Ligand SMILES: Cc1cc2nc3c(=O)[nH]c(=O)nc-3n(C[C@H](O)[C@H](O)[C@H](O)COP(=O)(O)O)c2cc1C
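Before any questions on how it binds or moves, here is one chain, the form predicted on its own, in structure tokens.
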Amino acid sequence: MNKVLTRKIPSKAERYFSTGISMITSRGPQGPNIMAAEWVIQISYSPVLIAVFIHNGSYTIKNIEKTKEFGVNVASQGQTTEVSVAGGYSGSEIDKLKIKNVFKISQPHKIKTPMIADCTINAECKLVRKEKLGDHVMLVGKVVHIEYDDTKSPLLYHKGRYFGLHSTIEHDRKEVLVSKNTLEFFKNLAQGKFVLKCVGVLVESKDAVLVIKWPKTAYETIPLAIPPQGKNQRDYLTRHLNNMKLQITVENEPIMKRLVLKNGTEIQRVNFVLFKGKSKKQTREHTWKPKNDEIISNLI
């Protein structure tokens, strides 16, 4: 009699799959959007068909349903930042493609959806099939135009880390040595989160930047907030400034700064979504801090 071999499935077993990563671009009533997707695969040679599996209810699905097209941009090893931002924020939170220092846009040939430059493959697709499978939706696109760059190597993903074909690719966060007081301030804001996601405004005047003093700690930072997941970052920041009685006009296009704050052996990863702003009126809450401050010098 043959024995039945049973094996206990380890916790988070799905993290042991090794995948490539693609950035899926789309457009819709709210404009263009981008997301990161691991589950992307070519399923036919003739015609060339690509299947993309996206979580049900996502912003991207709504766009593709509307326009019947999408872009598949297979990430290269130099695009860890682009992938992290595309996968770390929702289109309902921020217009990711408007972040000036993250994504490099390229023009499409056969569709109207923008594409991403410097990828290993760029495939422009027309939607031919949609099917719900489990908690994801399969979108199958017929490729109407495809390009590749054989000088680029694909980015791989395994157990929460990025890899190249031969070596690990580290996050390109800038390491910043800070005082103990500064590190403790941001760690307290993070409340144990691996990455603290902030949205803030930069108001500059000659050699100084506008800052506010936080209650209790008296720590001085640029005006910033911690938006809940799913909230539009700029809208949340604007309401936060109004609640603080700060009369600041916030521009539309943000930049992204990804830092690792370090003091001794302790670190805190922080994503800063930053909008430039102009102060309408001086108030008592306003203070100006030199641009050579340990944090501010890495944000401007």
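None of these values were measured; they are calculated from a predicted model. Residue positions are given as counts along the sequence shown, with the first one as 1.
Not on display, but discussed next: the form predicted together with the named molecule.
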**Residue stretch of 67 to 75, 90 to 98, 204 to 212, 115 to 123 approaching the named molecule in the model of the complex, non-hydrogen atom distance within 4.5 Å** = 90 to 98
**Three-residue site A225, L241 and W288 fully in contact with the named molecule in the model of the complex at 4.5 Å by heavy atom** = no
**Request:** Could you tell me which one of L274, I54, I248, V270 places a heavy atom within 4.5 Å of the named molecule in the model of the complex?
**Result:** I54
**Asked** Between the options H136, K104, K130, K110, which residue brings a heavy atom to within 4.5 Å of the named molecule in the model of the complex?
**Response** H136
**Message:** I'd like to know whether D235 contacts the named molecule in the model of the complex, with contact meaning heavy atoms within 4.5 angstroms.
**Reply:** no
**Asked** Heavy atom to heavy atom, is L259 within 4.5 Å of the named molecule in the model of the complex?
**Response** no
**Message:** Test of understanding: in the model of the complex, would V83 fall inside 4.5 Å of the named molecule by heavy atoms?
**Reply:** yes
**Prompt:** Quick one: is F185 in contact with the named molecule in the model of the complex, heavy atoms, 4.5 Å cut-off?
**Reply:** no
**Asked** Who in 38 to 73 is close to the named molecule in the model of the complex, meaning a heavy atom within 4.5 Å?
**Response** E38, W39, F53, I54, H55, S58, Y59, T60
